[in-house]
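Listed next as structure tokens is one chain, alone, in the form predicted alone.
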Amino acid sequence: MKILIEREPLMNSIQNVMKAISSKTTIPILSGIKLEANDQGVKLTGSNSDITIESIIPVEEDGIVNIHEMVPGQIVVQAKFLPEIIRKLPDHQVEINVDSDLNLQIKSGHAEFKLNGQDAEEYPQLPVLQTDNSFDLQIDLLKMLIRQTNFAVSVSETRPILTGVHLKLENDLLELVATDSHRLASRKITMNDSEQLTFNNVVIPGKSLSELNKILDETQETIQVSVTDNQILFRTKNLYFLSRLLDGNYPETSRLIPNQSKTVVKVDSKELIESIDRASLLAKDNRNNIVKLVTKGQNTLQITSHSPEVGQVEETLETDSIEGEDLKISFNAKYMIDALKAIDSDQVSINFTGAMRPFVIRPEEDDEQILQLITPVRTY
């Protein structure tokens, strides 16, 4: 095998597939990157059994030549050293040669590295997804869906199903939901061409979505999403991202969302984030980072926090309006800030149903497509 390739696209592909490689794998060869040269270009593969990422470098794209010379072949090379070697090479072109004894030579400018390779035939065969259950999304829209939900997955393995995001598609409505049982994030979008596809219990590991979000560029190009019983595939022109799905039934979350409210607060979200952030400065010593909110009249909120060892903070915030009953409620400051940032709207409407009932945050324009729910904390 021989490749003469531009360093930048090679480095980008290595960084992409590295996100699937774990040093703790039980299958030693999976600690390496599979490098394959064929007529289409150069394909790099990384896998940890849960996630598999393939990144393809085409010979030429948009008039730019990536690969100048190529003799087909394949090899597995240790991922531990390859990224740093390629990053620090002196020239913008890299020559890679592999001999019949699986010795890998990397040359660039005056630098030359020799690495021991492994037989690519021993690398596990990747599953080929046979499914008609596919739909297309704009990449920037998928990234927004992930950003607005994935932060709310559970980080505890006590209920493994909650460490994933629940994907549901029916009647041309795609919904992503994440909850750790203390908070919930939900985002819906209308699909125009899902051709009556229906998915109901697809739970994607939060870690997979996090890595996918890092790899994808903010672009309006489309990504194909394909689902089978136990795997999900995200595919673009030059990227193949396969993740296992979580086993088990995701809890029915729609019943957690209150359908009425006793107190409605409409407020500028940026000002509310800053007030809660300041109040939480003294609460961070507390295990739960608790901030208390009290309504005062028709348009004023009082936000307070205290730590017995440190002191207390009190701040008033003018709102657009407060309707309904007076309210005193305590909540986790980080959860509130995360929720407000995810909604990403200038004005929000917060619907409370009492001091110990979960409350719902939506954009003020009453957008049914996005919702954040937080469970309060008992402090009195």
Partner chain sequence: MKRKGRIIFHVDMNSFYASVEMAYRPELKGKPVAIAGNPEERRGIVVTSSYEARARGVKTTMPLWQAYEHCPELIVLRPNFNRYREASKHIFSILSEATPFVQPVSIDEGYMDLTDYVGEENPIEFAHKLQQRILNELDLPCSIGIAPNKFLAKMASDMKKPLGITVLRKREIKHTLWPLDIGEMYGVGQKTAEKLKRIEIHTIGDLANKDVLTLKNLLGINGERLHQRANGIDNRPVDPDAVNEFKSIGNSTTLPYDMTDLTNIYKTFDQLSKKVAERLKYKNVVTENIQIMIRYHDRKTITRSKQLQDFIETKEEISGWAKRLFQQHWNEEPVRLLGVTAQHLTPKNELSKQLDLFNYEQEAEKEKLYLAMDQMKEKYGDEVFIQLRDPEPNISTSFQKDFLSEYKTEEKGSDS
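Positions refer to the first chain, counted from 1. Everything quoted here is computed from the prediction, not taken from an experiment.
Another form exists, predicted in complex with the partner chain; not displayed. Remarks below refer to it.
Close approach of residue 70 to the partner chain in the model of the complex, 4.5 Å, heavy atom: Residue 70: no contact with the partner chain in the model of the complex.
Any non-hydrogen atom of residue 52 within 4.5 angstroms of the partner chain in the model of the complex: Contact with the partner chain, no.
Residue 105 within 4.5 Å of the partner chain in the model of the complex, heavy atoms: It does not: once the partner chain is placed as it appears in the model of the complex, residue 105 has no heavy atom within 4.5 Å of it.
4.5 Å heavy atom contact, residue 251 and the partner chain in the model of the complex: Taking the distances in the model of the complex, the answer for residue 251 is yes, it comes within 4.5 Å of the partner chain.
Stretch in contact, per heavy atom within 4.5 angstroms of the partner chain in the model of the complex, of 90 to 98, 132 to 140, 173 to 181, 234 to 242: Only one stretch passes the 4.5 Å heavy-atom test: 173 to 181.
One residue of 75, 267, 169, 162 in contact with the partner chain, assessed in the model of the complex (non-hydrogen atom, 4.5 angstroms): Only one listed residue qualifies here, and that residue is 162.
Residue among 255, 80, 114, 110 with a heavy atom within 4.5 Å of the partner chain in the model of the complex: Looking at the other structure, the residue within range turns out to be 255.
Residues 358, 376 and 379 all lining the partner chain in the model of the complex, heavy atom within 4.5 Å: Verified in the model of the complex; spot residues all in contact, yes.
Residues within stretch 317 to 351 having a non-hydrogen atom within 4.5 Å of the partner chain in the model of the complex: Residues within 4.5 Å: 328, 332, 335.
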